[in-house]
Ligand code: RIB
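We begin with a single chain expressed as C-alpha cells, specifically the form predicted alone.
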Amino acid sequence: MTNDQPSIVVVGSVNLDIVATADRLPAPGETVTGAELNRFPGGKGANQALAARRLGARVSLVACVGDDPEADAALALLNEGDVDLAASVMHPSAPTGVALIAVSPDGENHIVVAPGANRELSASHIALPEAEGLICQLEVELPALEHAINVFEGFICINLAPALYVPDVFFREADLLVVNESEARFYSDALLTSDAMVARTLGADGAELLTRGKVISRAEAPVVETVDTTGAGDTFTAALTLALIEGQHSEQALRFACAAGAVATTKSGAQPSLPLRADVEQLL
C-alpha cells in the first residue's frame, strides 16, 4: 500500500457464506435438491472493505468474529488482500457469523444470516484509525455504528441495509446514503429530508444519485453475463465512496460504481468476485 491511496475505515459485519447453487430457487415450503455447495468469506462489512481495497484504497476493518475455525475462513481473503484488521476483535464465546445463501443459475439469491459475533460489536470496541472515509452498514449493533458516526471526522457513507429503523443521526451526519429500491421505499421521507446524497441502486437498470428527492445523476449498468449477484451491492457502495473521496464528479463516480457492481456479478461468491480496479476500468 502507498500513502497516496485514499484511506477508508469500514465498521461492519464478517460472515462465512455457505452457498448452495441450484437449478432454481425454492418456493415457500418447497425443497430443491441437486445443489452444488461452496463456502466463501462474506458479510457486508468485510465485502465492502475488501472491495474498497481491491479498487485502490487503504482500508481498515472494525468488526467482531468468533474464536473458531470459521473466523479463519471468513478473514482469509481480507488477510490476503492486505486489509488492516488490527481494530477488529475476537469474541471468546460467540460464533463467527454465518450466511446461508441459495443462488439460482441467473444469479438471483435468497439469504438468511445468523449474525453470531457480529451482534457483540459494541461502542467500546470502536477505535477508528485515521481515514478520509467511513463506510457502515446495518449488520452490526446500531449503538456501535452510532458511536462511530459521531466520532468520525471525514466523509461518511451509510449503506442502509438491511432496512431497519435507525437513529436520526444516521441521516443527519451521513454524506452518502446507499439504498436499493425496497430500502428506498422503507426509508422514504427520511431520505427526502436528509442533506446527504442518496444513491439508489436499480439492479440491472443501474443507479441514480439524488439530493432531497431530486435526481442529480443517473448511470446505466454495463451488460455482463451474470453468475451471482451476491456482493454486487457492497461493491457498488465501496466503489462510489472511493470515487467521491477521490474527487470524481458525481456522474463519473456513479458510472464507476455501476461498472464495479456489474463486474462483481460475473463470478461466484461475494468476495472471490470482487473486482480489481483494472477490471472496472477495462469494462468502462
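In case it trips you up, residue 1 is the first one in the sequence shown, and so on. Predicted model only: the values in this text are computed from it and were never measured.
What comes next is about the form predicted together with ligand RIB, which is not displayed.
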#### Entry: Proximity to ligand RIB in the model of the complex (heavy atom, within 4.5 Å), stretch among 24 to 32, 63 to 71, 242 to 250, 37 to 45
37 to 45
### Message
Suppose contact means a heavy atom within 4.5 Å; in the model of the complex, does that hold for all of 12, 120 and 142 with ligand RIB?
### Response
no
### Task
Although ligand RIB is absent from this view, report whether residue 230 comes within 4.5 Å of it in the model of the complex, heavy atoms only.
yes
### Message
When the contact criterion is heavy atoms within 4.5 Å, does residue 270 count as touching ligand RIB in the model of the complex?
### Response
yes
#### Entry: residue 148, heavy atom within 4.5 angstroms of ligand RIB in the model of the complex
no
### Query
Is residue 113 close enough to ligand RIB in the model of the complex to count, meaning some heavy atom within 4.5 Å?
yes
## Note on the structure
From 131, 177, 101, 126: within 4.5 Å of ligand RIB in the model of the complex by heavy atoms is 101
